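Here are two versions of the same chain, shown separately as structure tokens and labelled structure 1 and structure 2.
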Structure 1
């Protein structure tokens, strides 16, 4: 099965790329609308150094913004998930804030923090903390009282309960939210770079698109996707170690 699975994770993308290529050639889609994978590959290869230069910046800002988002999001989630007052007063505001496209906020950040790394980190952070907070809060709010009672009967305080039960129990959902959040962190960095930066995949993309070099734009997209997948693989490994207890599926008949 494992080998079969590994095959799947390679086979499907390859199939998709093939279909894409075929469609581009078959329907004669002009490359400035949707470049064929082959063109993207060429653009990627021809601009390897430039792409490396920009993508390393994007990766840096994304990872920093994301790291801050994990800490802040988890704390916020703990607050919202363990206090009804915080829940009812913060949740609507958070939803409101997150419904606002951050494209509109980045210019303000630029005026305050200048062009470049800081707004990108902040945007990555702003986009990605919310899913973490929501899932942690839900994890805490749905703790079975029976488990909580185990700790309460020992005279544990709220913090103990969060640490010994809340966090471990919501770990599978924390990891779920990390998968959502890392993608948003990338989007945030790139958007900010598109709006204000001299370096980063976003910059590369605007520059390329200003010059109508669409296959280079897509080469940038491919690199972002690849970095996203790389981050995912890292989480998946950590997740497998830390949440094995929660996914002990059965192996017989239905399921698996």
Structure 2
């Protein structure tokens, strides 16, 4: 990453924050409509403990739901990508399930499991496993037919092809989906916390908006964004270490 690119990755967010601050001050926008970045920073500092209390719960439910989604999505992707029968039978069901708004499923989860942690974990899982399964399946299903024929001529069976060629080949697809899915997992947790929980960033934002503490609502949004970026960068670093042969360019300053 060049020095100019590094400066750009810092300069643009700072410029946007400056424009935001100037617009709020210049146009005298009420804080209950759109708080200035300075007011959001003050809300973060003044409510540091309560934000930590709620954000730790959101991070916990997101990571658990995402971890389950990685295991389930990867296994399902391997199955769908390595079998034409599984692809034709399971893929339409996956698309149909992914089309259902997860916010409509949360009330059902509350009936089954009550309010709290379990619905948030399940919602995070449901939102994040689909991209993983689809990307892994794509990596396996796009193995060149010529390569399959060569391997079979050398005595390899379907399991050997999947294990020695398909899975390593699908790693770039997997890491690309992980960086997308972790952000979706945060969305799922916050949706569930907003509707049916007594702890979490979604709960904090709901309570703050009910009391017209809009700066605290935006503080919650900032915390969610920060956690999402942090997790994204972690997976980008892991991706660069494990699939350096397939990574081009850099992501958020991750790279050489």
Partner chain sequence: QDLKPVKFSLDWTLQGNHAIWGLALKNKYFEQNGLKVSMDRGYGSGDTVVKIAAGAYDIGFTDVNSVIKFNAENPDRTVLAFYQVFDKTPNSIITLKKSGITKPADLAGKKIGAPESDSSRMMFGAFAKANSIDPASINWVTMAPNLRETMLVQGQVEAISGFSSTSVFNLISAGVPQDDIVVMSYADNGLDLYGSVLVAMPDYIAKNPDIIKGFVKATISGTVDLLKDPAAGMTAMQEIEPMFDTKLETARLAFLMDKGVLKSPAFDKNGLGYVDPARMDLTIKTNSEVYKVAAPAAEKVYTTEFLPPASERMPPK
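Residue numbers count along the first chain shown, from 1. Quantities reported herein were computed from a predicted structural model and do not represent experimental measurements. What we label the rigid core is the largest C-alpha set whose atoms superpose within 1.5 Å from one form to the other.
Does the form predicted together with its partner chain correspond to structure 1 or to structure 2?
Answer is structure 1, the other one does not fit.
Rigid core superposed, CA of residue 31 - does it shift 2 Å or more between structure 1 and structure 2?
Superposed on the core, residue 31 moves its C-alpha 2 Å or more between structure 1 and structure 2.
What Cα shift, in Å, does residue 22 show between structure 1 and structure 2 once the core is superposed?
Taking the core as reference, the C-alpha of residue 22 is shifted 2.6 Å.
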